[in-house]
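Only one chain comes next, encoded as C-alpha cells, the form predicted alone.
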Amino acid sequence: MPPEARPPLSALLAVEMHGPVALVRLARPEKRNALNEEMVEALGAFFAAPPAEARAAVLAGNGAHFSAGLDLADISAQDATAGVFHSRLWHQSFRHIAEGRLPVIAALHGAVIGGGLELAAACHIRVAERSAYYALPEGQRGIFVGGGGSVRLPRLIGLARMTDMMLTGRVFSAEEGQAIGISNYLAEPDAGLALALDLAAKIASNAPLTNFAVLQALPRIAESDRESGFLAESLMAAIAAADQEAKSRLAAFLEGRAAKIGRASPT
C-alpha cells in the first residue's frame, strides 16, 4: 500500500503514514536540515498529538544529511533571556518525542551534528547508515548545548566522551558511533530508512500497554533507587499481564499459534 501523505504542520516537516507507522521527515535539505524554531515547534506539535492510527514513528532527514544542528541565525542576536526561552522550547518539543506515546526510531545519515545529535538522542532507537558522522561543535562556536544534550547524551555515550567531543571538536564516524552506543543498528548506504521502517512496523505490532511500559515506566525505573525500581517493576508487570491483549497473546503462545524467537536479526 502506498504511503499516505499528511497535510504539513510546517513547510519544513513532511509526514506520511506507512500503515501504523508515521514517517516524519526534516524537509530543509538546502540547509542540511538545520533546526530552526519553526521546525522544532512543528516537531513538538506533531509528537504531542500524533495521528490516532499511528503506533510508531520514524524520524528521518531529506537530502544528504539527517541534521547539521541548530540554525545559528536563530541565536546570533539573542540576549540571555531569549536564549533561555529558546532552549526551553527545544526541551519541550523534544520531550514530546522522548516521553510521548509513540516509539520513535531515528534514521540517521550524513551529518548528525550538534542539535541534530540532540534530536537523535531524544528518539528511542537509532539506525545509522555508514555515511553518518557525529559531532558537538558548540565549543568551537562559543556556545553550549541547549536541546537536552547534556542530559541525554552522557546516558548514551558517557560523560567523558561527550566532554571530549565538546572540548576538542572530535568527530565520530558511523562505525565509531555504533561502538560507543550512539546507534543501535548500523546499515549500509541507502538501507537505513528501510530498516527503520521495518523495525517501526514490528514495534507497532506490539501490545500497546507493553510499548507504554517500555516508554514511560522503564526510564523512570532505571533512574530510581533499587527498591523503588523493584516495586514499580512489579506493579507494571502485574498491570501489563492483566491486560486482555496480553492474555490473548499468551494464549496464542501456549497453544503454539505464536512465532518462536529466532536468532536472525538486523545488524
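Position 1 is the first residue in the sequence shown; the rest follow in order. The structure displayed is predicted, hence computed values, not measured ones.
FYI, the form predicted in complex with a small molecule isn't displayed, but the following is about it.
Interface residue remark: Gly192 is not counted as part of the site for the small molecule in the predicted complex, having no heavy atom within 4.5 Å. The small molecule is not drawn, but in the predicted complex it has a heavy atom within 4.5 Å of Pro137. By the criterion of a heavy atom within 4.5 Å, Arg170 is excluded from the residues contacting the small molecule in the predicted complex.
None of the heavy atoms of Gly61 is located within 4.5 Å of the small molecule in the predicted complex. For the candidate spot formed by Arg32, Ala111 and Glu118, every residue has a non-hydrogen atom within 4.5 angstroms of the small molecule in the predicted complex. Contact with the small molecule in the predicted complex, judged by any heavy atom within 4.5 Å, is made by just one of Ile203, Ala68, Leu43, Ala54: Ala68. In terms of contact with the small molecule in the predicted complex, the residue from Ala82, Ala179, Leu72, Leu159 that brings a heavy atom within 4.5 Å is Leu72. Heavy atoms within 4.5 Å of the small molecule in the predicted complex are found in one stretch of 96 to 104, 146 to 154, 180 to 188, 120 to 128, which is 146 to 154.
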